[in-house]
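First, one chain by itself in structure tokens, the form predicted alone.
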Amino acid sequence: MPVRTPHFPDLLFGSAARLRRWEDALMGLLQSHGYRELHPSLVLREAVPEGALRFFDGDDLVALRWDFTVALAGLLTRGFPEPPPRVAYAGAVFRRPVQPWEAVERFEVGCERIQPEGEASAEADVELARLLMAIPGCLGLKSAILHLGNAALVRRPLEAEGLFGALSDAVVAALSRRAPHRVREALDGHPSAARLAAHAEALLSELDGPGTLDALESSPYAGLLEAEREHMDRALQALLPILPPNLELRVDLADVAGLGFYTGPTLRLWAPGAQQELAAGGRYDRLFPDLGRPWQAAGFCVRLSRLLDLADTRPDLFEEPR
């Protein structure tokens, strides 16, 4: 029998008011930094991704918006000859859940920083990190943890060794489990096994803030990744002096979540006691070129549905609303 609740959650008075308050606060923050709202249609007509909710509109198979990034990319490439630099959004997305307890209808607020081809990206990446650092204060979270990573730290060595397909997926899966011995097992007999295993050891060093970057010096790919290391170091030097007292900053060299999408720096926001990340994003420079536009882009989304669940189960993590 189909299950409708909690896959399509009804929000009662308290949650509905909290959602509206959070959306207003986050969109106000983004607009104060120059981000202008775009609202793509809830219905995707050109791309029907796997995992989306599909239905027929007459004879046409269409899907409900499953992700703002994809929907916005289509809207931007159709509507703008030159990219708008800062875009914000708010609303619902619909995804078939991986886990049975996850909702299909989810609420998000987020932003994208879009740049013409060749424009330096470092300043934009730091701008997004600064914005994400302000999110816990907007939501009334008493404390939070911000993880900084970089997808290129994994992607570039794999590509340099010519690892693709199932073998590459096995290495990424082992890193996602934080299990360097699994990396060695997956690569047993491969010519690059020793080098990639040593790199995995470096990536999985203890999270201890800026000092974690020093672990990359022991990697066989230290020279290959020098630009990424310098980029992360500059970002840390810019962010640490303005770190809010309720926010802990961690460097996560082995962040492989979304590796098929992200191409550079990644950002993830957690709260103590939360079982899932509350906000996530990063640089994805392949999206617009795949759609025929030479634009670079980065962004993040705040997963308000997870925050509503957290506020229900752990109200002690939030300040009382004013």
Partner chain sequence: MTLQTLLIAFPKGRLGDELVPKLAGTPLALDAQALKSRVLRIPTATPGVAALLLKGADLPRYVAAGVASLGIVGSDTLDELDMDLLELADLGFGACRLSLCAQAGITLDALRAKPHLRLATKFPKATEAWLTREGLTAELVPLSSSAELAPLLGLADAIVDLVQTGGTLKAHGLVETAVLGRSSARLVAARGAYLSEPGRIRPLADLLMATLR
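Residue numbers count along the first chain shown, from 1. Since we're looking at a predicted model, the values are computed, not measured.
Separately, the form predicted in complex with the partner chain exists; it is not shown, and the next lines address it.
Only one of 127-135, 214-222, 97-105, 235-243 lies within 4.5 Å of the partner chain in the predicted bound form by heavy atoms, and it is 97-105. Contact annotation for residue 78: none of its heavy atoms lies within 4.5 Å of the partner chain in the predicted bound form. With a 4.5 Å cutoff on heavy atoms, residue 32 does not count as touching the partner chain in the predicted bound form; it lies far away.
Residue 155 falls outside the set of residues with a heavy atom inside 4.5 Å of the partner chain in the predicted bound form. The shortest heavy atom separation between residue 275 and the partner chain in the predicted bound form is within 4.5 Å. None of 82, 206, 188, 123 but one reaches within 4.5 angstroms of the partner chain in the predicted bound form through a heavy atom, and that residue is 206.
This chain lacks the partner; the member of 195, 250, 229, 86 within 4.5 angstroms of the partner chain in the predicted bound form by a non-hydrogen atom is 250. For the stretch 294-320, the set of residues having any non-hydrogen atom within 4.5 angstroms of the partner chain in the predicted bound form comprises 314, 316, 317, in sequence order.
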